[in-house]
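In C-alpha coordinates, one chain follows: the form predicted alone.
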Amino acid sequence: MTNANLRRALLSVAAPLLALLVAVALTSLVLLALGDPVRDVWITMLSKPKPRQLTNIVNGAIVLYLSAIAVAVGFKMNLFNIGVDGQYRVGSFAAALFAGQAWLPGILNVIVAIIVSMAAGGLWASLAAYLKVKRGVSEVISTIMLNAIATGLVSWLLLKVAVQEAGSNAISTKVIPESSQLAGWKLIPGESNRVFSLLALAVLVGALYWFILGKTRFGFDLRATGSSETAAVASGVKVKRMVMTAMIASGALAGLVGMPLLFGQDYSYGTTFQAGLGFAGIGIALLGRNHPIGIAFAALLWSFLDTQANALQIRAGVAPELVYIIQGIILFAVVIAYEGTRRLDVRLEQQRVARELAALRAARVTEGAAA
(Lines give C-alpha, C1' and ligand atoms only; values in the text may rest on other atoms or scores of the structure.)
Protein backbone atom coordinates (compact mmCIF):
# COMPACT_ATOMS: atom_id res chain seq x y z
CA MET A 1 0.00 0.00 0.00
CA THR A 2 1.38 3.39 -0.99
CA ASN A 3 1.65 6.26 1.46
CA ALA A 4 -1.21 8.05 -0.29
CA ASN A 5 -3.50 5.02 -0.04
CA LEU A 6 -2.54 4.47 3.59
CA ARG A 7 -3.30 8.12 4.36
CA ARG A 8 -6.71 7.89 2.68
CA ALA A 9 -7.51 4.70 4.58
CA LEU A 10 -6.61 6.32 7.90
CA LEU A 11 -8.65 9.42 7.07
CA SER A 12 -11.62 7.24 6.10
CA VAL A 13 -11.50 5.61 9.53
CA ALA A 14 -10.86 8.89 11.34
CA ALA A 15 -13.89 10.65 9.83
CA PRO A 16 -16.65 8.46 11.36
CA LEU A 17 -14.78 8.23 14.69
CA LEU A 18 -14.55 12.02 14.79
CA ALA A 19 -18.24 12.25 13.94
CA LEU A 20 -19.16 9.94 16.82
CA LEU A 21 -17.08 11.98 19.28
CA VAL A 22 -18.72 15.19 18.08
CA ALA A 23 -22.16 13.55 18.37
CA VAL A 24 -21.46 12.50 21.97
CA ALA A 25 -20.25 16.00 22.88
CA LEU A 26 -23.17 17.84 21.27
CA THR A 27 -25.76 15.42 22.68
CA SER A 28 -24.28 15.91 26.14
CA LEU A 29 -24.64 19.68 25.72
CA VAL A 30 -28.28 19.23 24.71
CA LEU A 31 -28.90 17.06 27.79
CA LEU A 32 -27.24 19.62 30.05
CA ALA A 33 -29.33 22.41 28.56
CA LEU A 34 -32.51 20.41 29.22
CA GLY A 35 -31.44 19.45 32.73
CA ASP A 36 -31.35 15.72 31.98
CA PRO A 37 -28.86 13.34 33.66
CA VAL A 38 -25.98 13.12 31.17
CA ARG A 39 -24.13 10.37 33.03
CA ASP A 40 -27.19 8.13 33.40
CA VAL A 41 -28.05 8.54 29.72
CA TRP A 42 -24.63 7.43 28.49
CA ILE A 43 -24.40 4.59 31.01
CA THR A 44 -27.75 3.35 29.71
CA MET A 45 -26.89 3.85 26.05
CA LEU A 46 -23.46 2.21 26.32
CA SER A 47 -24.46 -0.65 28.63
CA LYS A 48 -23.79 -4.17 27.36
CA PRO A 49 -26.86 -5.48 25.50
CA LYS A 50 -28.52 -8.62 26.80
CA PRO A 51 -28.76 -11.69 24.51
CA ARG A 52 -32.31 -10.80 23.48
CA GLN A 53 -31.22 -7.25 22.69
CA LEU A 54 -28.28 -8.56 20.67
CA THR A 55 -30.67 -10.60 18.56
CA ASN A 56 -32.84 -7.54 18.01
CA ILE A 57 -29.78 -5.48 17.07
CA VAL A 58 -28.64 -8.01 14.47
CA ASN A 59 -32.14 -8.42 13.04
CA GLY A 60 -32.61 -4.67 12.84
CA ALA A 61 -29.22 -4.25 11.19
CA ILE A 62 -30.10 -6.83 8.50
CA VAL A 63 -33.14 -4.82 7.41
CA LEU A 64 -31.32 -1.48 7.63
CA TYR A 65 -28.37 -2.87 5.66
CA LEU A 66 -30.60 -3.83 2.73
CA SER A 67 -32.19 -0.38 2.81
CA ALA A 68 -28.82 1.37 2.81
CA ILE A 69 -27.48 -0.75 -0.07
CA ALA A 70 -30.54 0.22 -2.13
CA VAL A 71 -29.81 3.89 -1.44
CA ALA A 72 -26.08 3.47 -2.07
CA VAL A 73 -26.62 2.21 -5.62
CA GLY A 74 -28.29 5.51 -6.43
CA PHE A 75 -25.61 7.51 -4.59
CA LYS A 76 -22.88 5.84 -6.67
CA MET A 77 -24.68 7.19 -9.74
CA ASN A 78 -25.13 10.60 -8.09
CA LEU A 79 -28.86 9.86 -7.88
CA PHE A 80 -30.73 10.60 -4.66
CA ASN A 81 -33.31 7.85 -4.44
CA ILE A 82 -35.39 9.19 -1.56
CA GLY A 83 -38.14 6.76 -2.56
CA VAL A 84 -36.83 3.56 -0.96
CA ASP A 85 -39.53 3.86 1.70
CA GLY A 86 -42.31 3.73 -0.88
CA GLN A 87 -40.56 1.14 -3.03
CA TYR A 88 -40.15 -1.34 -0.19
CA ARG A 89 -43.78 -0.84 0.86
CA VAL A 90 -45.00 -1.66 -2.64
CA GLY A 91 -42.61 -4.61 -2.89
CA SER A 92 -43.46 -6.02 0.55
CA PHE A 93 -47.19 -5.79 -0.10
CA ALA A 94 -46.86 -7.51 -3.47
CA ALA A 95 -44.68 -10.28 -1.99
CA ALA A 96 -47.02 -10.84 0.97
CA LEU A 97 -50.03 -10.96 -1.33
CA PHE A 98 -48.33 -13.52 -3.58
CA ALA A 99 -46.85 -15.67 -0.80
CA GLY A 100 -50.14 -15.72 1.10
CA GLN A 101 -51.87 -17.49 -1.81
CA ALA A 102 -49.60 -20.54 -1.26
CA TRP A 103 -49.48 -21.31 -4.98
CA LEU A 104 -45.98 -22.72 -4.59
CA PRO A 105 -44.54 -25.05 -1.94
CA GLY A 106 -42.10 -24.15 0.83
CA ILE A 107 -38.90 -22.35 -0.04
CA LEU A 108 -39.93 -22.00 -3.70
CA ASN A 109 -42.76 -19.77 -2.51
CA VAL A 110 -40.21 -17.61 -0.66
CA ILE A 111 -37.86 -17.31 -3.65
CA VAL A 112 -40.59 -16.34 -6.12
CA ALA A 113 -42.13 -13.89 -3.62
CA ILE A 114 -38.72 -12.19 -3.26
CA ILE A 115 -38.52 -11.90 -7.05
CA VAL A 116 -42.05 -10.44 -7.10
CA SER A 117 -41.03 -7.88 -4.46
CA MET A 118 -37.94 -6.86 -6.44
CA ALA A 119 -40.01 -6.53 -9.62
CA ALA A 120 -42.62 -4.39 -7.85
CA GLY A 121 -39.96 -2.16 -6.25
CA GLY A 122 -38.11 -1.75 -9.53
CA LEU A 123 -41.32 -0.98 -11.41
CA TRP A 124 -42.26 1.70 -8.89
CA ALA A 125 -38.77 3.23 -9.12
CA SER A 126 -39.00 3.22 -12.93
CA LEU A 127 -41.66 5.93 -12.69
CA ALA A 128 -39.14 8.34 -11.16
CA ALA A 129 -36.48 7.18 -13.64
CA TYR A 130 -38.79 7.88 -16.60
CA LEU A 131 -39.66 11.33 -15.28
CA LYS A 132 -35.97 12.20 -14.89
CA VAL A 133 -34.84 10.86 -18.27
CA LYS A 134 -37.79 12.00 -20.38
CA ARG A 135 -38.98 15.12 -18.58
CA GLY A 136 -35.97 16.26 -16.58
CA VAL A 137 -37.81 15.99 -13.24
CA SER A 138 -35.48 15.81 -10.24
CA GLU A 139 -35.52 12.32 -8.72
CA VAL A 140 -35.56 13.90 -5.25
CA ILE A 141 -38.92 15.55 -5.93
CA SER A 142 -40.47 12.63 -7.79
CA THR A 143 -39.42 9.94 -5.32
CA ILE A 144 -40.65 11.94 -2.33
CA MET A 145 -44.01 12.38 -4.04
CA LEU A 146 -44.10 8.70 -5.00
CA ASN A 147 -43.51 7.78 -1.34
CA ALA A 148 -46.79 9.46 -0.41
CA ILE A 149 -48.60 7.88 -3.34
CA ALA A 150 -47.21 4.44 -2.47
CA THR A 151 -48.37 4.76 1.13
CA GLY A 152 -51.89 5.69 0.06
CA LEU A 153 -52.04 3.10 -2.73
CA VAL A 154 -50.87 0.23 -0.55
CA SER A 155 -53.27 1.24 2.24
CA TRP A 156 -56.18 1.28 -0.24
CA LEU A 157 -55.22 -2.10 -1.73
CA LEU A 158 -54.75 -3.55 1.75
CA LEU A 159 -58.35 -2.67 2.61
CA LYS A 160 -59.45 -4.57 -0.50
CA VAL A 161 -57.65 -7.80 0.37
CA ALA A 162 -57.26 -7.54 4.14
CA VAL A 163 -58.03 -10.20 6.70
CA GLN A 164 -58.91 -8.76 10.12
CA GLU A 165 -57.63 -10.51 13.22
CA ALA A 166 -60.26 -11.50 15.76
CA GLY A 167 -60.36 -9.09 18.71
CA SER A 168 -57.96 -6.65 17.05
CA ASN A 169 -58.17 -3.51 14.92
CA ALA A 170 -55.10 -4.60 12.96
CA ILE A 171 -55.63 -5.75 9.39
CA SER A 172 -53.23 -7.62 7.13
CA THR A 173 -52.89 -9.82 4.09
CA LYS A 174 -53.27 -13.59 4.39
CA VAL A 175 -50.66 -15.19 6.61
CA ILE A 176 -48.08 -17.01 4.52
CA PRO A 177 -48.11 -20.82 4.97
CA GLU A 178 -45.94 -22.35 7.70
CA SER A 179 -43.82 -24.14 5.11
CA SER A 180 -42.70 -20.72 3.84
CA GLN A 181 -42.03 -19.21 7.25
CA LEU A 182 -38.29 -19.03 7.92
CA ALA A 183 -37.51 -20.02 11.50
CA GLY A 184 -34.13 -18.29 11.64
CA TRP A 185 -30.82 -19.27 13.20
CA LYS A 186 -29.69 -19.49 16.82
CA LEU A 187 -26.56 -17.38 16.56
CA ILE A 188 -26.69 -15.60 19.95
CA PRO A 189 -25.73 -17.88 22.89
CA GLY A 190 -28.28 -18.02 25.69
CA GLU A 191 -31.12 -16.58 23.60
CA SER A 192 -34.15 -18.48 22.28
CA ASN A 193 -35.06 -15.82 19.72
CA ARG A 194 -33.47 -16.36 16.34
CA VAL A 195 -31.59 -14.23 13.85
CA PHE A 196 -33.43 -13.81 10.54
CA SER A 197 -32.60 -16.52 8.01
CA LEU A 198 -32.41 -13.83 5.35
CA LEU A 199 -29.16 -12.65 6.91
CA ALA A 200 -27.77 -14.81 4.09
CA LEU A 201 -29.63 -12.62 1.59
CA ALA A 202 -28.07 -9.45 3.05
CA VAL A 203 -24.57 -10.98 2.83
CA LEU A 204 -25.21 -12.03 -0.77
CA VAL A 205 -26.51 -8.58 -1.71
CA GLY A 206 -23.48 -6.91 -0.12
CA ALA A 207 -21.06 -9.21 -1.98
CA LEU A 208 -22.80 -8.66 -5.33
CA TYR A 209 -22.89 -4.91 -4.72
CA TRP A 210 -19.12 -4.88 -4.10
CA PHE A 211 -18.34 -7.08 -7.10
CA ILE A 212 -20.66 -5.51 -9.68
CA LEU A 213 -19.91 -1.89 -8.84
CA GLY A 214 -16.20 -2.39 -8.25
CA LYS A 215 -15.15 -5.16 -10.64
CA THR A 216 -17.35 -4.98 -13.74
CA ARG A 217 -17.69 -2.72 -16.76
CA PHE A 218 -21.25 -1.91 -15.76
CA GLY A 219 -20.09 -0.76 -12.33
CA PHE A 220 -17.36 1.37 -13.88
CA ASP A 221 -19.85 2.99 -16.27
CA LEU A 222 -22.23 3.66 -13.40
CA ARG A 223 -19.57 5.28 -11.23
CA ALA A 224 -18.12 7.22 -14.17
CA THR A 225 -21.54 8.62 -15.02
CA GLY A 226 -22.02 9.66 -11.40
CA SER A 227 -18.64 11.39 -11.32
CA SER A 228 -18.91 13.22 -14.65
CA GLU A 229 -21.62 12.86 -17.27
CA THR A 230 -19.46 14.71 -19.80
CA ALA A 231 -16.57 12.27 -19.37
CA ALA A 232 -18.97 9.33 -19.44
CA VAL A 233 -20.48 10.48 -22.74
CA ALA A 234 -17.01 10.98 -24.19
CA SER A 235 -16.13 7.38 -23.29
CA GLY A 236 -19.23 6.03 -25.01
CA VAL A 237 -21.54 5.56 -22.01
CA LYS A 238 -25.24 6.02 -22.72
CA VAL A 239 -26.09 8.22 -19.76
CA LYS A 240 -29.88 8.08 -19.99
CA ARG A 241 -29.81 4.31 -20.12
CA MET A 242 -27.52 4.23 -17.07
CA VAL A 243 -29.86 6.54 -15.15
CA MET A 244 -32.82 4.25 -15.90
CA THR A 245 -30.84 1.13 -15.02
CA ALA A 246 -29.42 2.50 -11.78
CA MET A 247 -32.77 3.82 -10.53
CA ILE A 248 -34.59 0.58 -11.35
CA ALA A 249 -31.81 -1.46 -9.74
CA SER A 250 -32.05 0.70 -6.61
CA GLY A 251 -35.81 0.16 -6.53
CA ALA A 252 -35.43 -3.59 -7.01
CA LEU A 253 -33.01 -3.73 -4.07
CA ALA A 254 -35.47 -1.64 -2.06
CA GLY A 255 -37.95 -4.44 -2.66
CA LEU A 256 -35.73 -6.70 -0.54
CA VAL A 257 -35.91 -4.47 2.54
CA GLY A 258 -39.11 -5.95 3.97
CA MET A 259 -38.34 -9.59 3.17
CA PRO A 260 -36.58 -10.48 6.47
CA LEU A 261 -39.56 -9.04 8.36
CA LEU A 262 -42.14 -10.74 6.15
CA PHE A 263 -40.69 -14.24 6.22
CA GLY A 264 -38.94 -14.14 9.58
CA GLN A 265 -41.24 -12.18 11.89
CA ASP A 266 -44.61 -10.85 10.69
CA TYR A 267 -45.60 -13.48 8.08
CA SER A 268 -48.02 -11.00 6.50
CA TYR A 269 -48.20 -7.36 5.45
CA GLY A 270 -50.48 -5.19 7.53
CA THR A 271 -50.96 -1.96 9.42
CA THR A 272 -48.26 -2.96 11.94
CA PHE A 273 -45.56 -3.56 9.30
CA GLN A 274 -42.46 -1.50 10.16
CA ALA A 275 -42.26 1.92 8.51
CA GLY A 276 -39.48 4.48 8.01
CA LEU A 277 -36.82 2.00 6.92
CA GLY A 278 -36.09 3.82 3.66
CA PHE A 279 -35.20 7.10 5.33
CA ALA A 280 -32.94 5.34 7.85
CA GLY A 281 -31.14 3.74 4.92
CA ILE A 282 -30.16 7.18 3.59
CA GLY A 283 -28.37 8.05 6.82
CA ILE A 284 -26.70 4.64 7.06
CA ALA A 285 -25.45 4.80 3.46
CA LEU A 286 -23.92 8.22 4.18
CA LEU A 287 -22.37 7.02 7.42
CA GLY A 288 -20.95 3.93 5.72
CA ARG A 289 -19.66 5.97 2.74
CA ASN A 290 -21.52 3.67 0.31
CA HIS A 291 -19.06 0.85 1.01
CA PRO A 292 -20.57 -2.58 1.83
CA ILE A 293 -18.39 -3.08 4.92
CA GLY A 294 -18.83 0.49 6.13
CA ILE A 295 -22.59 0.20 5.66
CA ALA A 296 -22.61 -3.01 7.73
CA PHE A 297 -20.96 -1.26 10.70
CA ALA A 298 -23.22 1.76 10.29
CA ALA A 299 -26.32 -0.47 10.23
CA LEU A 300 -25.21 -2.21 13.43
CA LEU A 301 -24.61 1.17 15.11
CA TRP A 302 -28.01 2.47 14.00
CA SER A 303 -29.77 -0.69 15.18
CA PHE A 304 -27.85 -0.58 18.47
CA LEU A 305 -29.06 2.98 19.13
CA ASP A 306 -32.65 2.04 18.24
CA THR A 307 -32.58 -0.96 20.59
CA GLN A 308 -30.97 0.88 23.50
CA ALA A 309 -33.55 3.68 23.21
CA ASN A 310 -36.15 1.42 24.83
CA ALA A 311 -34.33 1.57 28.17
CA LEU A 312 -33.80 5.34 28.28
CA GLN A 313 -37.16 6.22 29.79
CA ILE A 314 -37.00 3.45 32.41
CA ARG A 315 -33.40 3.72 33.54
CA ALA A 316 -32.52 7.37 32.91
CA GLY A 317 -35.93 9.04 32.92
CA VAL A 318 -35.32 10.45 29.43
CA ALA A 319 -37.64 10.18 26.44
CA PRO A 320 -36.50 7.49 23.95
CA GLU A 321 -36.82 10.09 21.18
CA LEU A 322 -33.41 11.32 22.35
CA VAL A 323 -31.99 8.64 20.03
CA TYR A 324 -33.34 10.57 17.04
CA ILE A 325 -31.33 13.58 18.21
CA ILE A 326 -28.20 11.43 18.51
CA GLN A 327 -28.71 9.90 15.07
CA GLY A 328 -29.33 13.30 13.53
CA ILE A 329 -26.23 14.79 15.13
CA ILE A 330 -24.17 11.79 13.95
CA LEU A 331 -25.30 12.40 10.38
CA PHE A 332 -24.64 16.12 10.63
CA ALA A 333 -21.21 15.49 12.14
CA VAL A 334 -20.24 12.78 9.68
CA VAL A 335 -20.97 14.99 6.68
CA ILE A 336 -18.76 17.71 8.14
CA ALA A 337 -16.06 15.19 9.11
CA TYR A 338 -15.96 13.61 5.66
CA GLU A 339 -15.73 17.00 3.98
CA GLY A 340 -13.01 18.05 6.40
CA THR A 341 -10.97 14.90 5.84
CA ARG A 342 -11.46 15.22 2.06
CA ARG A 343 -10.07 18.76 2.09
CA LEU A 344 -7.21 17.65 4.33
CA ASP A 345 -6.41 14.80 1.94
CA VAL A 346 -6.41 17.21 -1.03
CA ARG A 347 -4.13 19.64 0.82
CA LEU A 348 -1.69 16.87 1.82
CA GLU A 349 -1.66 15.56 -1.74
CA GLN A 350 -0.94 19.05 -3.09
CA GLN A 351 1.91 19.45 -0.61
CA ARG A 352 3.35 16.05 -1.63
CA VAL A 353 3.23 16.95 -5.32
CA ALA A 354 4.82 20.35 -4.60
CA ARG A 355 7.68 18.67 -2.69
CA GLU A 356 8.29 16.19 -5.50
CA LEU A 357 8.29 18.97 -8.13
CA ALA A 358 10.69 21.02 -6.03
CA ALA A 359 12.99 18.03 -5.65
CA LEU A 360 12.82 17.39 -9.40
CA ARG A 361 13.70 21.00 -10.21
CA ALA A 362 16.58 20.93 -7.73
CA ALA A 363 17.90 17.74 -9.33
CA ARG A 364 17.77 19.30 -12.79
CA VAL A 365 19.60 22.41 -11.58
CA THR A 366 22.29 20.22 -10.03
CA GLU A 367 22.65 18.21 -13.25
CA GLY A 368 22.89 21.44 -15.30
CA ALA A 369 25.59 22.86 -13.02
CA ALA A 370 27.60 19.63 -13.22
CA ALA A 371 27.39 19.63 -17.03
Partner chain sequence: MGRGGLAITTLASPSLGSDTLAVEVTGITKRFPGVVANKDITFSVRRGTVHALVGENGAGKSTLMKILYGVQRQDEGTIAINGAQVDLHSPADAISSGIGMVFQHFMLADNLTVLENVVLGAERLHGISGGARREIRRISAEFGLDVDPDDLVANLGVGDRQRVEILKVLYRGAKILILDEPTAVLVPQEVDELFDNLRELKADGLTVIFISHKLDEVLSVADDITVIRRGTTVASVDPKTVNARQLAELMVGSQLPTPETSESTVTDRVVLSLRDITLAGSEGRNLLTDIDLDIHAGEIVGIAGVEGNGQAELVEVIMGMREPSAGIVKLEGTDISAWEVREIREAGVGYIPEDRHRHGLLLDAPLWENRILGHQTERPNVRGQLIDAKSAKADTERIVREYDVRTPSIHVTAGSLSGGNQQKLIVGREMSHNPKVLIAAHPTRGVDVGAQASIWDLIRKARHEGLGVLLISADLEELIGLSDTIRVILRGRLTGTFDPDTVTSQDLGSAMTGADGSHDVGAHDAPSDAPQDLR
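Residue numbers count along the first chain shown, from 1. Small disclaimer: the values here were computed from a predicted structure and weren't measured. Think of the rigid core as the biggest set of C-alphas that the two forms share within 1.5 Å after superposition.
Keep in mind that the form predicted together with the partner chain is missing from the display, and what follows is about it.
Contact between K134 and the partner chain in the predicted bound form is not found at the 4.5 Å heavy atom cutoff. In the predicted bound form, none of the heavy atoms of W185 sits within 4.5 Å of a heavy atom of the partner chain. Contact check for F211: a non-hydrogen atom falls within 4.5 Å of the partner chain in the predicted bound form.
At a distance threshold of 4.5 angstroms between non-hydrogen atoms, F297 is out of contact with the partner chain in the predicted bound form. From the list 93 to 101, 232 to 240, 122 to 130, 245 to 253, the contact stretch for the partner chain in the predicted bound form under a 4.5 Å heavy atom rule is 232 to 240. This chain lacks the partner; the member of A363, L10, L21, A354 within 4.5 angstroms of the partner chain in the predicted bound form by a non-hydrogen atom is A354. Proximity to the partner chain in the predicted bound form, taken as a non-hydrogen atom within 4.5 angstroms, holds for one residue of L301, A224, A202, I114, which is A224.
Residues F211, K215, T216, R217 of 196 to 217 are found to place at least one heavy atom within 4.5 Å of the partner chain in the predicted bound form. Core-superposed comparison between this form and the one not shown: the CA of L21 stays below a 2 Å shift.
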